[in-house]
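Consider the single chain below, provided in structure tokens and representing the form predicted alone.
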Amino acid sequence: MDLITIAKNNIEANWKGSFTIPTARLYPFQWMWDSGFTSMGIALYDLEKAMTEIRTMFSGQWENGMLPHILFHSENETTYFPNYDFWMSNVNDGAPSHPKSSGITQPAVFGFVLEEIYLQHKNNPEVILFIKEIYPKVLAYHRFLYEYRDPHNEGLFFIYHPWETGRDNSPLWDESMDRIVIDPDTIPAYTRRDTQIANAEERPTSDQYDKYVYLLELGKKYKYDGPEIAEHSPVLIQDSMMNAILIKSNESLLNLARALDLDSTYLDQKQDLSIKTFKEKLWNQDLESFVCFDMRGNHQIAHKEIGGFISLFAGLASNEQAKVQADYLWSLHHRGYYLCPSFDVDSPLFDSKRYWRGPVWPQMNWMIYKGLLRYGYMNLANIVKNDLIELVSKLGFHEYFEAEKAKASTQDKGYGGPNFSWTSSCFLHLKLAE
């Protein structure tokens, strides 16, 4: 069976009537940025299903505009922790009673997702109606990020839980997380499910998980309210990747607004400030990379990692900055790494196997591929694209992959969950959408 057919079959197997799950057992609900990336691939062969996927995700949007990172459409599923009953999102009066949801968010991908779908189907009246339906919902989400997560009106929003970034256990968060001193009385007893399903060596540690739960409890305590969390959370970070994705999605919404005569007044006011602050605050000259900013420590988080390269996708890097980023990726290619490792391979914190401390992630390759094309690095973009295709061809449609070619050559499968939806979708988009 050819890989395109396998990719489609994976998505169909993960389809639950109105949405996809990322993979069976390990992630049995609807995840926000997974849903966005997956819908792009689905839209290439089943437009109606892709639109249903997005509509279902926005069925869980809160009154304040927040889009949760998980929707628990089934309240009978017990294989995942933390489940809806642990999140208790109903402590916030604006959270819908159904579907139940988590109390945090994830990267703001739906602006550029809508534009990608529009560009593939711009002559389809049904797609235009769909864009007009979803556009104000995405706009409300962006407004939430600016109004609830930007206490100093800088144009950059904060996260307070590593899960919001999608890069759960990246070394980026180590210093901030070390501020958390766990008192057993401050967190309830819980049982992890992920390490019962996936290899524990590929997952976050027990200590990290205790701290994740601590921050979850803090969110509940303050009713998942941005200003209260900004005042009390020990973890408060302006993430370069998440803000770059927001800026890219702003750009996409502005493009759609011009094409379809939609109101863009709010984004017109915010986008210039976001771009200006991002460029001034997050570039680290020593590392030659965009980095995150620790608002509690009032300093940059000086690590080179995958999130800094999303500046290319959003068009935030100058030509000089893009060149040094491209040169770095070329060096990794020549040193025997698949592109793109999720963390600095020369750091003692690099771990090519453990989740976001080193492995290659499909959706990141998709964004960096697009970013390199934007700056004219065609050959390097094709290496990023073909590395992912090669990994999938050799190791299957897994959640993430070994970054070191020598190690990967001894393996027969990738890391994390198998038959993964966004891996399948990104593969389809890279193969079919150009």
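Only a predicted model underlies this, so the values are computations on that prediction, with no experimental measurement involved. Residue positions are given as counts along the sequence shown, with the first one as 1.
Just so it is clear, the following notes concern the form predicted in complex with alpha-D-glucopyranose (GLC), a form of the same protein that is not shown.
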Quick check on this chain: which one of 341, 219, 166, 111 has a heavy atom within 4.5 Å of alpha-D-glucopyranose (GLC) in the predicted complex? 166
The one residue among 224, 309, 278, 356 placing a heavy atom within 4.5 Å of alpha-D-glucopyranose (GLC) in the predicted complex is 356
Proximity of residue 366 to alpha-D-glucopyranose (GLC) in the predicted complex, heavy atoms at 4.5 Å: no
At the 4.5 Å heavy atom threshold, is residue 102 in contact with alpha-D-glucopyranose (GLC) in the predicted complex? no
Report whether the minimum heavy atom distance between residue 62 and alpha-D-glucopyranose (GLC) in the predicted complex is within 4.5 Å. no
With heavy atoms only and a cut-off of 4.5 Å, decide whether residue 417 touches alpha-D-glucopyranose (GLC) in the predicted complex. no
In the predicted complex, which of the stretches 33 to 41, 401 to 409, 52 to 60, 385 to 393 has residues with heavy atoms within 4.5 Å of alpha-D-glucopyranose (GLC)? 33 to 41
Non-hydrogen atoms within 4.5 angstroms of alpha-D-glucopyranose (GLC) in the predicted complex: do 10, 362 and 427 all have one? no
Restricting to 98 to 136, the residues within 4.5 Å of alpha-D-glucopyranose (GLC) in the predicted complex through any heavy atom are 106
